[in-house]
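The chain below stands alone, shown as structure tokens; this is the form predicted on its own.
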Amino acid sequence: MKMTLSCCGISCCRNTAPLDARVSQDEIGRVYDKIANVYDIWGNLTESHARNRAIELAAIKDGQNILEVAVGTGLAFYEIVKRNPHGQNVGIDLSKGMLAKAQHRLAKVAGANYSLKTGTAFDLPVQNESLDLLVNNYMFDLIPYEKMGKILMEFRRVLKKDGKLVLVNMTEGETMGSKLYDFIYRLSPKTMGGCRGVRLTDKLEQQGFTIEVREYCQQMLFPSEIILAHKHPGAITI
């Protein structure tokens, strides 16, 4: 096999065509039900730095109305609820297994004010312009490009005019070795939980958001982007 010093050292990693989703949305819930019991190991080893930075950028103030979409096992939601004891905290996810883990985690927060429910990003159980903050970690890397706009329209619908959107995604690697995970995805998408590297800034701007911050974070060679955005003042809520 021909070797190269770029990427992870494997020549087929040099394919630069954008990767699209290869695990259907109907399968995602079942995939994450199966890995719910071990997900925290992965989350702490590869995602914790980006997730912690997202919480910093969110600058949560007690009393806010907050929704986390794709709450997973509650790694970020736990921090949100602690910082917003007198506000409204709602978390949704497709996977009942992940929600059960989140419920167990949140039970440790004394006097916590929150609700967890099964739900989809395509149809949020939230009124128009009612959220101060919407948080979404590691979901768009599961979504087909052609469907991202629909979700962002839904995010825009539920955010207040001055509301914040904080996103974390697996992104395209920018340093040596960081494209290893896309190589694994090309071989077996489900090994990566259906995740592949994406960049969301262009999609956000197309859907009426203003990007305030976009940061790159790499942990255990795993590349993440952290984005803070606001709904553009001129955006029309449908």
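Please read all numbers here as calculations on a predicted model, not as lab measurements. Start at 1 with the first residue shown and count on from there.
Not pictured, yet referred to below: the form predicted together with a small molecule.
Trainee: Report the residue, out of L94, L106, M148, V90, that has at least one non-hydrogen atom within 4.5 angstroms of the small molecule in the predicted complex.
Mentor: Selected option: L94.
Trainee: I need to confirm a contact call. Of L116, L152, V158, I143, which residue comes within 4.5 Å of the small molecule in the predicted complex, counting heavy atoms only?
Mentor: Filtering the options by heavy-atom distance leaves I143.
Trainee: Based on heavy atom distances of at most 4.5 Å to the small molecule in the predicted complex, which listed stretch, 106-114, 79-87, 159-167, 119-127, is the contact stretch?
Mentor: Correct option: 119-127.
Trainee: Could you tell me if L204 has a non-hydrogen atom within 4.5 Å of the small molecule in the predicted complex?
Mentor: Outside the cut-off, so no.
Trainee: Report yes if any heavy atom of Y32 sits within 4.5 Å of a heavy atom of the small molecule in the predicted complex; otherwise report no.
Mentor: Contact check for Y32: yes, within 4.5 Å of the small molecule in the predicted complex.
Trainee: Using the partner position in the predicted complex, report whether L134 sits within 4.5 Å of the small molecule, counting heavy atoms only.
Mentor: Outside the cut-off, so no.
Trainee: Closest heavy atom of L67 to the small molecule in the predicted complex, within 4.5 Å or not?
Mentor: Judged by the heavy-atom cut-off of 4.5 Å, L67 is well away from the small molecule in the predicted complex.
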